[in-house]
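The form predicted on its own is given below as one chain in structure tokens.
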Amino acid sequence: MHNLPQTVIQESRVEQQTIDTFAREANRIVGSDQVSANPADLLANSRDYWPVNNIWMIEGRVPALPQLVVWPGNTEEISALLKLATKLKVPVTPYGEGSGTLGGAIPIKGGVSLDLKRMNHLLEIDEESLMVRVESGLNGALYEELLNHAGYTGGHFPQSLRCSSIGGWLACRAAGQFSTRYGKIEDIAVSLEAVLPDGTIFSGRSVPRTATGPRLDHLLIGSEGIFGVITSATLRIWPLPEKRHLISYTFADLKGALECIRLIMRTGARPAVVRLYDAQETGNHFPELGDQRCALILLIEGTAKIIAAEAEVIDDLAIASGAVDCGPEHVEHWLEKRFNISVASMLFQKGAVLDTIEVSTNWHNAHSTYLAMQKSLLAVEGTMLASGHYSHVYPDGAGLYMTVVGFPGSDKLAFYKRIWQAAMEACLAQGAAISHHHGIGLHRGQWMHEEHGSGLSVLKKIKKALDPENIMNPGKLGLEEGKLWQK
């Protein structure tokens, strides 16, 4: 721990003698230059983008630290490392690029951070069947760039595109900004290769679908590292779109705009981007539109003739719903700024506590969930802003994305817990799901029992069967109670 900051929620650590034994064997497996106990490396793999990390970092503390960082170069090395970890009972936390927002990459029980950045290759493009095979450590933006050079798109554009990895997308069951057309990561994934805690390597079939029993490889989508390590994936790809059509509208109120979107989705139209902002966020993101109406931006892309038909269908329904056509420039503005988080950084530096809380709703509770969560968040003392937008839509519902900002004074952690408690209680009371695309990690695991009921015990049984020594990312997905981080 020399030259390292104090830890806050480090629940346990492995005896140093055991770590030394692991390190010697790991040197043999991956090479001594791919194993490190250097303080800088441990610190780099101690956290993700969970806002609580920022509070602690300013105070000179970190949530928890690994005791060793290992960079494997291939699936066989990961298999050998997990066999070793199981034998020695050393916790292993898979690490992509640390872009998660809920503490999923924090090694609360120490052990080894298994960093996958060396496994960053695009292995093969199947142009005939529109599939690509890729290693899980490849950066998202680089992945899309490589596909674009070959004339294709991966269709997956999370806000974390530039600081996330393929494996991270799969592990947290991510959804990108263009998901209405291309699907979420579970729709894009054809098959996975993975390594289980006992070192078993297995992979699914790279075919459109199978009826050969449950897809065991797909069990790892959304598993956040608790069952094993995703090493590569076969993903669907699409030819680069022939044309794009950008359009925006404003509506008098949020409820009417939601009803218009619901009707659009019933027609079979599938614009790539559909984002509806409440009046407050409209004023913040598109100040020229003011803060009295709700903005809807749409991006349609693909074959020109299909785009023309979709644009006509959408425009007819929007105008019939009382919308005002605001042209393409607001969508262009969104495209330019969609990866920019500088405002959040500035607010945090000024003492704010802020977070985004995304949930999943059906159409019948899409609006009521927004109202309930906003009311609950504003009722927490210190909250200055609670606004929302709908970032993903489907024929059966929408993903609601709430933003909350507060200036609570000195007790920032207590305020953070209060806003999340208020948000989750309101969400569950409305019958919405507690996460749409950010996943569970450490923090959101506190509400997994309310979310799943008896289903959580089934998940625990699967975990016990695959990982009897509980070495894989312990403490995550709500499978065990955090001793040092609770509601």
Partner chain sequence: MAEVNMEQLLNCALCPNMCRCDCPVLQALGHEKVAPAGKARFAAMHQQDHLELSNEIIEAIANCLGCRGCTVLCPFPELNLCDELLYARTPDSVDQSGQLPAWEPYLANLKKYGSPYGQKPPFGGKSSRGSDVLYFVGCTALANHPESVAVIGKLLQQAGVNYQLIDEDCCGYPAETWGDPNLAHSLAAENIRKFVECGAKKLVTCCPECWLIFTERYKKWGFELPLEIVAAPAYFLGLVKEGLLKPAAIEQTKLSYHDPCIWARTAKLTKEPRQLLESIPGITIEEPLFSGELTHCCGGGRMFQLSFPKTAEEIAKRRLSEFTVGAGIVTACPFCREGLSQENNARIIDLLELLANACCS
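Keep in mind the model is a prediction, meaning the values are calculated, not measured. Positions refer to the first chain, counted from 1.
Just so you know, the form predicted together with the partner chain exists too; it's not on screen, but the next bit is about it.
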- Are all three residues T361, Y416 and Q421 in contact with the partner chain in the model of the complex, where contact means a non-hydrogen atom within 4.5 Å? no
- Of 347 to 355, 310 to 318, 201 to 209, 224 to 232, which is the one stretch near the partner chain in the model of the complex, taking non-hydrogen atoms within 4.5 angstroms as near? 347 to 355
- Given that the partner is absent here, does D278 sit within 4.5 Å of the partner chain in the model of the complex, heavy atoms only? no
- Message: Quick check on E97: any heavy atom within 4.5 Å of the partner chain in the model of the complex?
- Response: yes
- Message: S435 versus the partner chain, in the model of the complex: is there a non-hydrogen atom within 4.5 Å?
- Response: no
- Query: Quick one: does Q486 come within 4.5 Å of the partner chain in the model of the complex, counting heavy atoms only?
  - Reply: no
- Among the candidate residues K117, H218, K87, R244, which is the single one with a non-hydrogen atom no more than 4.5 Å from the partner chain in the model of the complex? K117
- Task: Counting non-hydrogen atoms within 4.5 angstroms of the partner chain in the model of the complex, say which of F339, W238, F407, Y394 makes the cut.
- Result: F339
- Item | Heavy atom contacts to the partner chain in the model of the complex at 4.5 Å, residues of 22 to 45 in sequence order | D33, Q34, N38, P39, A40, D41, L43, A44, N45
